[in-house]
Structures are given as structure tokens and as C-alpha cells.
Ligand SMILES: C[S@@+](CC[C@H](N)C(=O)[O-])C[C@H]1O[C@@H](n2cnc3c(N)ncnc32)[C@H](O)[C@@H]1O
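Let's start with one chain on its own, the form predicted alone, as C-alpha cells.
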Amino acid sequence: MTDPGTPGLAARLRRTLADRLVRTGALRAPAWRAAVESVERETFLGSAVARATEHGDRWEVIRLAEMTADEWLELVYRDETWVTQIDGEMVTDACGVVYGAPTSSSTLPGLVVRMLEAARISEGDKVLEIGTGTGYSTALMCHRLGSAAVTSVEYDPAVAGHACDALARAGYTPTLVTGDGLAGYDKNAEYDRLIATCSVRYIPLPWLWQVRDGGTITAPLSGWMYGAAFAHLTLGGDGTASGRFLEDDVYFMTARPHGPPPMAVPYLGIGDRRSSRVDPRVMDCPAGLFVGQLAVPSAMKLGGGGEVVLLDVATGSQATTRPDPYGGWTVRQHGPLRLWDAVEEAVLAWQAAGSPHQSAYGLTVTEERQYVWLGEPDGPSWNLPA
């Protein structure tokens, strides 16, 4: 870059970003503020990023070479997510408009810091991060804890290579591993904190084995319907982990081994017919969607409003709902699993409890079973697909 930009601009923008995160409540600990003010996010974004267009599968590539240095820094320090990889191809290798689904990104700093705050990481902790991404969150932890205390695992080799180079340029030397983060990294165990910057359908058991008794696992939980909750679990001395979901609503890309399979084309309007006991529109809200997903964890969802399609990819079972012209909603179910029956039971239990946020639920993980419970561990519960 030949344009050096305005002297001191990046430092001023980092302070402005930190001020903004404090005002929104994302940033509370002074030590994390010091990290935000010190770590240069531009080092981790590289020379190009992508942003969404009005079409969901189209992305506009924005290049450093096509902007002034000041313009680029203004972009870098917005509290926004910038996509860095699409369908496995790094954005730096693309130009113009790119089609596909994002597979890696630099998450907005406000969400990154909220994750770090929620994990209750503090000086003296040894941390395992699942999902290095660009390396920005890794750098924030290195700044606060020291590089020797941080281990980070990235699944994608291209993303891992980019992060390794960026961390080296920034002067940080954590343990970086390219591999399946669901297996953790036992060579540096035991860890005080494990934090996942990708969503998982269930908690991988190796994570429990690698975190010390009394340590914590903080991870976004999601599924094939993309209903989400934010888990913060404490490891017990008996090898189990348990805790309530947090009040924060966080959304991260799904760990690739936990991603949904290709969806088959459903045959609409077939199967046994009856009236629905619940309004299908309940699944349009995040808490209702999460509840429905708990009931049918191997199902995928299409549509919305009063017209919902659920398809179980393992058995071919399906359920379709639509408004009844005489009032209410009609559901048709086909296949060995009665998907809507299960959704109704879960939704009715949730509504009986007052239709609470996901933080009213908790998660218990043992080697034999993982289950989400409502209210208390002995309340209504649903098994995760472990």
C-alpha cells in the first residue's frame, strides 16, 4: 500500500470502537478494553473482504487496493462482520461479485468481546479456542493472557494459514493447530477455559476430557433449523458438565462437521391430516424455533408464517402446515416420525412455562447423554443428537 494514511488514525479508531462497545454493554472488563485498543484488526482482515448484497447468495468483494488507507481503516473498525471466505475460497482470491455461502469471517468485534466476557476468561487462565478464523479473537486473548496461555484450532487449512501469518505479523505466538476442533487438542490440556467461536449441535466429549474440574466450556449451540442458544457449562468432578444458557443471543457459523446435509425436495401436502394444536408462526421467533428444533433435532425447516415444512433427512419423514380457511392451521404428516406431534408437545411445554427466552433452559452433558432441560434439570427435557 503506497498511501500511508493519516498518522494515528488506526489508534483513534480503535479507541472509538472500544468506546462504542462499552456503551452497548459488550465491553466491561478494562483488560479487554486494553486489548481492543491495542490489537490491529486490519492485520487480520488481509487485503479484501466481502459484504452481503440484497441477494442472499451474492457477495460484493471490497479490496484494499481500491480504497484509500483511511477509507480502509474506517471500514476495518466498524463493529461489523466481514466475510473472508466463500464456499471454501478465500475472498482475497476473488473479485467483483461472488456467489455462494460464507464459510469464514471476521466476526464483529462486539460479538467477539461478548464471547470473551461471557467465558469469564481472566489472567492466569489457559484457554483452548475452537475456530481460529482470522485470528483476531486469538490475538485479543494473547494480548491479555500471553501467547503461551492460548491454543487455537482451525479446521480449514487456508483460513489457518492466513491466521498464522497475521498473528506472526502482530507479534503473537500462540499454539496454532490445523485440524478438527471437535477433537480439541489434548497435548496442551488441561485447560481452564474452552471457548468455541463456531456453533455446534452438541458438546463433543473430548472437550470435557480436556478441561479441568471446575473449568468452563462456552459455546454457541445450534442445529439444522438454526435455532440457537448460548451455553456456558462448568465441569464437575464426576466428568460431567452442566449449566444454564446465557441471556446473550449469539450466532456463529456452524462447525463444518456439524453442518446440515443436503436437503431433499419434499413432497408437499401428503400424509395424515389434522388440525394443529399450536400456531406454526411460533417458530418465526428465535425462542420458538429453538424449542421446535429441540423436539426434532434431525429435521430441517423450510418456509415460515403459517406455512412450514419440516423434513427429517434420516427417515424422510415430513410435516407441512398451512392456514385453514375456516380458522386455525392444518398439518399433514408423513413417514415413521410424527414431526409435528413432537414440535407441538415441546411448544406447549414452553408456552406453559410462559414462553421464556433460551436462558430459561440449561444443558447437562454426560458420556451417556446430553439433554436440554427447561427450568431445572428435573424439568421437561430433550436429548441432543450426540
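Computed from a predicted model, the values in this text were never measured in an experiment. Position 1 is the first residue in the sequence shown; the rest follow in order.
This next part talks about the form predicted together with the named molecule, which is not shown.
- Taking the partner from elsewhere, residue 274 is found to have every heavy atom lying beyond 4.5 Å of the named molecule in the predicted bound form.
- Although the partner is absent from this view, residue 151 stays clear of the named molecule in the predicted bound form, with no non-hydrogen atom inside 4.5 angstroms.
- Residue 104 belongs to the set of residues with a heavy atom inside 4.5 Å of the named molecule in the predicted bound form.
- Contact between residue 220 and the named molecule in the predicted bound form is not found at the 4.5 Å heavy atom cutoff.
- Contact check for 132, 179 and 256: all three have a heavy atom within 4.5 Å of the named molecule in the predicted bound form.
- Taking a 4.5 Å heavy atom cutoff to the named molecule in the predicted bound form, the contact residue among 202, 155, 172, 185 is 155.
- Checking 296, 121, 91, 112 against the named molecule in the predicted bound form, a heavy atom within 4.5 Å turns up for just one residue: 112.
- Partner contact region in the predicted bound form: 247-255, out of 211-219, 92-100, 247-255, 311-319, criterion any non-hydrogen atom within 4.5 Å of the named molecule.
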